[in-house]
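For reference, the chain that follows is the form predicted alone, supplied as structure tokens.
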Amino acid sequence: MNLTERKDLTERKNLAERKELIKKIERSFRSRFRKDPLLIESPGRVNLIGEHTDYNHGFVLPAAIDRIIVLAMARNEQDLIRLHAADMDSGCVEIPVQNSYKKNDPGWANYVLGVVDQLAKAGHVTGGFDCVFGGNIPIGAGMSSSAALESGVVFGLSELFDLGLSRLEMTRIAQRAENHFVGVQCGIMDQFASLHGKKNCVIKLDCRSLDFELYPFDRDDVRIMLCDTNVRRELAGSEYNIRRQQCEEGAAALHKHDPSIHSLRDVSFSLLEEHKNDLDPVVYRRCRYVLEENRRVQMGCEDLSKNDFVSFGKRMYQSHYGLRDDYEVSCPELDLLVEAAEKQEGVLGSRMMGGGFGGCTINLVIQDRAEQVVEEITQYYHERMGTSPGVYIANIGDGTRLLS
């Protein structure tokens, strides 16, 4: 079987899984609410390089993937928001529309209510609606299942209530839902990638201006492989928010020396080094990492333009070292997976992906060595941790869209 045939086989398998998921969600909605739904598909994302730079107004390089959440939605005339998570052991959650600004149990409902709340604050009127959703994005693995849900909800509500929102407006509302309602101070990358993804392309996003460029990423001989530590850490109220505060502290201190500085995006290496002693040593290392990571994204895009995946892979390793040593958001399990990848000839690059403290590594793997790489990394991890990592092959797909 040649490389193209292997890729086609994987895509056919993923397509069959996707079709079955859509049928499952549609059946669940019809049996519960007895009416026809609007069907929406919203993808998770990977980020090839550029971690923790988005909330510092820097550069990122994400892509939407074929791991998705499917939502079935319809209006109702009862002034109720009725929600069912098909993958959870819970029944239907009912919230009066007038109470949608209040947090709710179970916690997953807040990702939906946060979107409703932020739409209302932006002056967009919605009424009662029914929603069933489920997907195949591993929760807490760093593939942004929360952003996929928020993006799908805002897209669906715009369709149901004729809000006429642009994808950029949807992106901002979905981000604010997570920032202000859920309480995670994430940047805009996850929601942007979920809503703006394009098949076989990665997105170089300027998180300050929100200008973006598409770079082709479609090679039959290189695959994106995700290795899941199966370690789950909640980001809300955690070290994630502390990292953001530390970056803001660094930018504020440097602003005193240069009033044009409003975020770490505005800081040069020379200025940072000149005033290194004015910063807490930990804050200095956080700032240094962000500046270096922004440069890696810029150089990585040049690598992709030259089809130089070897150089790009080396930058991925450098990104992980910075996240581990300077930003300190890795964990032993992530470090072990990267260490295992480094020992494989078939791996071009590897690093932790997402907020950190658990989740996945993202790896660029030579296609004809992929099976051996999976076997070797799994064995290496199991011998040291006593458990096996989850392994996923991710294909780059389109952003949030209407299915019917």
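Numbers follow the displayed sequence, beginning with 1. In this text the structure is predicted, and so the values were computed from the model without any measurement.
What comes next is about the form predicted together with a small molecule, which is not displayed.
In the model of the complex, none of the heavy atoms of residue 112 sits within 4.5 Å of a heavy atom of the small molecule.
The small molecule is not drawn, but in the model of the complex it has no heavy atom within 4.5 Å of residue 67.
Under a 4.5 angstroms non-hydrogen atom cutoff, the small molecule in the model of the complex has residue 189 among its neighbouring residues. Contact check for residue 359: every heavy atom lies farther than 4.5 Å from the small molecule in the model of the complex.
Comment: 51-59 is the region of 25-33, 363-371, 51-59, 340-348 lying near the small molecule in the model of the complex, near meaning a non-hydrogen atom within 4.5 Å. Residue 240 is the only one of 217, 284, 212, 240 with a heavy atom lying within 4.5 Å of the small molecule in the model of the complex.
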